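First, one chain by itself in structure tokens, the form predicted alone.
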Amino acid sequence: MRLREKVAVVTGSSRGIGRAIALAFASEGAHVVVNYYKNEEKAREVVKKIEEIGRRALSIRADVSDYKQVEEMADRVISEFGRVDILVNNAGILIKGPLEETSPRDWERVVSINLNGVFFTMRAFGKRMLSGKGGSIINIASVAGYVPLVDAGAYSATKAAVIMLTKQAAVEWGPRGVRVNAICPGPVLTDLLLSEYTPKELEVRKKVTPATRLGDPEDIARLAVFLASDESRYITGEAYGIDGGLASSTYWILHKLLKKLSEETGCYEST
């Protein structure tokens, strides 16, 4: 087991990617704190599954955009487990809309969770790691942090900021034993994605992805386990894209479109 007896905190882990990471950590021997904000029932279900694996689990309700609540969560984790070894910042939201129609309120709400929330939890738990035996912090960013997500308001800007915050913390905290990395998922089959796209639209997204499929939460969880474990002890300050090649596929998609145009009209020859 790669995470035997480690103590991990995963924000936003009542469902989706966070849930998959929490369960993967437990399967690798970690005790897990399941953070949630709205869905207590789902959080309890994750706790139950972790306990069935044979690991300790605790659910804590906390709004990561509220620093007081984050500090209280950190205090409780230390009280219950004595330390924290792994932090995964997974909590995040998306409020769709073109920039010119994005209200200041919506902008601030996304920034408060996606960026401030990451900083708040990094600060609270990072201080405790720095005063202890170090640890690993994993920030869930997005390919939208380096490829603009159109009509997504503040989302891309916050994810880009999380990538840079990851690098800054890695440099500042590396000498004191805390590694900080980011994971940048592309489209992943979560409740959020399934609610945003029709089955036909999801099929189109598969076709424009070189891997010819969409990601599963477990794809992200496997990378998170690696970054949390000692197998990655020489890795810090990195932002790992995990998107089936989507972010690198501009010319691949263009070639497919031009080829289709050629077949339909005979007006294009590939060079």
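Not measured: the values here are computed from a predicted model. Numbering starts at 1 and runs along the sequence shown.
The same protein also has a form predicted together with a small molecule, omitted here; what follows describes it.
Among heavy atoms of residue 47, none comes within 4.5 Å of the small molecule in the predicted complex. Among residues of the shown chain, residue 154 is not one whose heavy atoms approach the small molecule to within 4.5 Å in the predicted complex. In the predicted complex, none of the heavy atoms of residue 171 sits within 4.5 Å of a heavy atom of the small molecule.
Using a 4.5 angstroms limit between non-hydrogen atoms, residue 17 touches the small molecule in the predicted complex. Taking a 4.5 Å heavy atom cutoff to the small molecule in the predicted complex, the contact residue among 129, 110, 141, 137 is 141. This chain lacks the partner; the member of 219, 243, 28, 63 within 4.5 angstroms of the small molecule in the predicted complex by a non-hydrogen atom is 63. Partner contact region in the predicted complex: 187 to 195, out of 173 to 181, 187 to 195, 99 to 107, 74 to 82, criterion any non-hydrogen atom within 4.5 Å of the small molecule.
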